[in-house]
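One chain comes next, on its own, written out as structure tokens in the form predicted on its own.
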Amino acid sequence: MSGAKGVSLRNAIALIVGLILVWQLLFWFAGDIAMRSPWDTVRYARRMMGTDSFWIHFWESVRAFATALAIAVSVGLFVGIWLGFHRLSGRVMEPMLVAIYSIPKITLYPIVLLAFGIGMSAKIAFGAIHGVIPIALFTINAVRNVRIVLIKTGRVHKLTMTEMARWVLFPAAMPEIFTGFRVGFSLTLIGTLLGEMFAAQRGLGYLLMTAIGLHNVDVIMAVTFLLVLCAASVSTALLAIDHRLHRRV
């Protein structure tokens, strides 16, 4: 087991070193008009994190993302468990969810703006739209794969729908549900940042879009680096938990 962890650690270090080398090569090729070197980006990011304005944008993004993720998870789990448990409803509604999921979400942005206006609510709505359907679809399949003997046992004990979901369906389907949460996490983050780029006056997405408009390469590279670093760290942790849950099955 320790040997496998050592191999995983070496692979992770090799991947990080490789990405830094590719980044440096791209910088040498493109020049400082289009990019900054890894060292310059890290140094500017540290300087930027020492300002109050950065943290105002950062916490604005965190609040919007956390709210959007909570909505996406709550609605996605409710819809997924309902459609997974009621087979007829699932057969009718699942194709509709897949069809909606295939629509480029950016085309829905004008509707979101008309419904929620410019500000926090639009960012939250756009983030939740990105994450709710994948979570629902993963949950539907997870509930369908629950062993029928567990469901029959719950019915024998005359469990209500809420009790069935809490004590039978949710624990048994947890590994696949968590996979949906992991995917929904990434998509909700993307949706929230996109919402900030086009319909906000605060947030990291707004900061990035403003820097693009001003061609401020330092800010563009620093904000992008920090976003990738945060997202990659959380996604790696979620992936490790996901693998552990699936190994227990």
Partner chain sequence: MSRVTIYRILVIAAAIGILELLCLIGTIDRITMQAPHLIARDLAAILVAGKLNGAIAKTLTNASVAFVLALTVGIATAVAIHGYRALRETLDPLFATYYAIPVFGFYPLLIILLGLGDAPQIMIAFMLGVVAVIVNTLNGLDRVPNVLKKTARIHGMGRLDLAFTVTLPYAAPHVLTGVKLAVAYSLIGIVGAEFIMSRGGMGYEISFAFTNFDNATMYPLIVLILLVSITANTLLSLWEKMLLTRRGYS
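Numbering follows the first chain given and starts at 1. Everything numeric in this text was worked out from a predicted model, so none of it was measured.
The same protein also exists as the form predicted in complex with its partner chain; that form is not shown, yet it is the one meant from here on.
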Name the single residue among Val98, Met174, Leu150, Leu159 that comes within 4.5 Å of its partner chain in the predicted complex, judging by heavy atoms. Val98
Ok, Met49, Ile212, Val62, Ala70: which has a heavy atom sitting within 4.5 Å of its partner chain in the predicted complex? Ile212
Does at least one non-hydrogen atom of Ala34 fall within 4.5 angstroms of its partner chain in the predicted complex? yes
Does Arg182 reach its partner chain in the predicted complex if we count a contact as any heavy atom within 4.5 Å? yes
Check Ala45 for me: does it contact its partner chain in the predicted complex (non-hydrogen atoms, 4.5 angstroms)? no
Is it the case that Phe178, even though its partner is missing from this view, gets within 4.5 Å of its partner chain in the predicted complex, heavy atoms only? no
From the candidate stretches 135-143, 105-113, 151-159, 164-172, select the single one in contact with its partner chain in the predicted complex, where contact means a heavy atom within 4.5 Å. 105-113
Sequence-ordered residues of 166-191 touching its partner chain in the predicted complex, heavy atom within 4.5 Å: Arg182, Ser186, Leu189, Ile190
